[in-house]
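Consider the single chain below, provided in structure tokens and representing the form predicted on its own.
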Amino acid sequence: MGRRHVLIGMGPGAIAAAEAIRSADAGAEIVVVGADRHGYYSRPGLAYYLAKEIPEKWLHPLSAEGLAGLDLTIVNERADGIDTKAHRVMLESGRELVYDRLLIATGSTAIPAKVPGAELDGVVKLDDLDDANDIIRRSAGAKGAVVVGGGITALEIVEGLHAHGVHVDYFMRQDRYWKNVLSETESHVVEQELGGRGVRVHNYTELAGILGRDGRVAAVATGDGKRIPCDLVAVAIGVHARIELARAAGLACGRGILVDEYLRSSDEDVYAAGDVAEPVDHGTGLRTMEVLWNSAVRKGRTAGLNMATEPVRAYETGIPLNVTRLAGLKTTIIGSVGSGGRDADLEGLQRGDSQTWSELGDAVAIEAQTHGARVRLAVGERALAGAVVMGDQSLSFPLQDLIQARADVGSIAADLKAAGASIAELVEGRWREWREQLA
């Protein structure tokens, strides 16, 4: 009989861990605990669902048959406590689950607005599928909405509301959109796209309060004294990790659950994955937080294998990668591309963020329009540190390969920096050479 594993969470970290455990131990007992009634679905896909581009059924990465093939016991309840000494998880119903190894993959949650009126009916967020459905339902009777926040989630809500015919006023406290990741040109491209659709973008604008009538949102007040009528207020100012269970259980925590290279917490039988895990980045020696789907999957796989066997596989933070859509423009963000510093529009990490995006280092930024795409490269002395590709994505795969492998691009570095350089031809040529060398 294999070990008994209890996984708290139903997101990518927990499911990837379940897959890894099952691959390593066919006889393991795996119990997945999660309160989300919709089960396992794609959080990044909510943007497309909200914008009426895909049906709800497309949000589920695994079919019912695929999930059943993992031979899991799914407990659709909220975990209420952990007793690490007794190796037990207490559920909201009063039931208890015994474990040999435990994974905490509880994800992150939106930081609420800290302004007067934040409790009014009509203040919304986008944490999960229930939130998306709530926004869709409310949009049917709404004429105007205010969205607050400077990252991906805020923009997802803006586009979703617009797709449902709601006029949107979009507040950013800074001078431009997603300032700590995008360049000035990229930010302005996004804002111009929004403006062309009728979204009113307010730079240097702070939400001072939400005004109500009969308990419902009626308007907002700005920091400079303006009053804007609206029916909905959406807040997306960042997320924080759900570490309450871990902290109450006595596990070492920072912003997330502190884990070693094997994703093991301060208790040797308790692991963490996904948004809540705070490992050390071996490149910098600093602890890092990532709120990225692909990193949650990689953490889950690593934690699951170590839980099923003995801790032997170290987690490598790797190169952050996010494929998203910004104001209708498909955008791939790879590696270190940010300008550094903390984005004043966000109180915490934004979904789709990685701290490494704000660590550009000594690389030189090159920005150009090429082959139907706007491309920005962070070029180091011998390697590409990062890239942003907006629009046509034909260059995105070669760039992912070169950046993730830290491939030597010294032979084209000087040419890339030259005025009028043909970035696409240079990158594709070096990528083909590199692939041939590997063959």
Partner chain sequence: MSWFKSDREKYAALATAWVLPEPSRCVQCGVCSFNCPIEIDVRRHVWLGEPVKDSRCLTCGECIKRCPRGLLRFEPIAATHGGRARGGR
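Small disclaimer: the values here were computed from a predicted structure and weren't measured. Numbering follows the first chain given and starts at 1.
The protein also exists as the form predicted in complex with its partner chain; that form is not presented, and the subsequent description refers to it.
Note on the partner interface in the predicted complex: the residue among Ala51, Leu62, Ala405, Ala35 having a heavy atom within 4.5 angstroms of its partner chain is Leu62. Proximity to its partner chain in the predicted complex, defined as a heavy atom within 4.5 Å, holds among Ser108, Ser187, Thr332, Asn180 only for Thr332. Heavy atoms within 4.5 Å of its partner chain in the predicted complex map, among the stretches 319-327, 230-238, 141-149, 193-201, onto 319-327 alone. For Val297, a non-hydrogen atom is located within 4.5 Å of its partner chain in the predicted complex, even though that partner is not displayed. Taking non-hydrogen atoms only, Thr370 never approaches its partner chain to within 4.5 angstroms in the predicted complex. Though the partner is left out of this view, Gly69 does not reach within 4.5 Å of its partner chain in the predicted complex, counting heavy atoms only.
Contact check for His162: every heavy atom lies farther than 4.5 Å from its partner chain in the predicted complex. Three-residue candidate spot Gly2, Pro279 and Thr302; no residue lies within 4.5 angstroms of its partner chain in the predicted complex by any non-hydrogen atom. Residues Gln393, Ser396, Phe397 are the ones in 367-398 with at least one heavy atom within 4.5 Å of its partner chain in the predicted complex, listed in sequence order.
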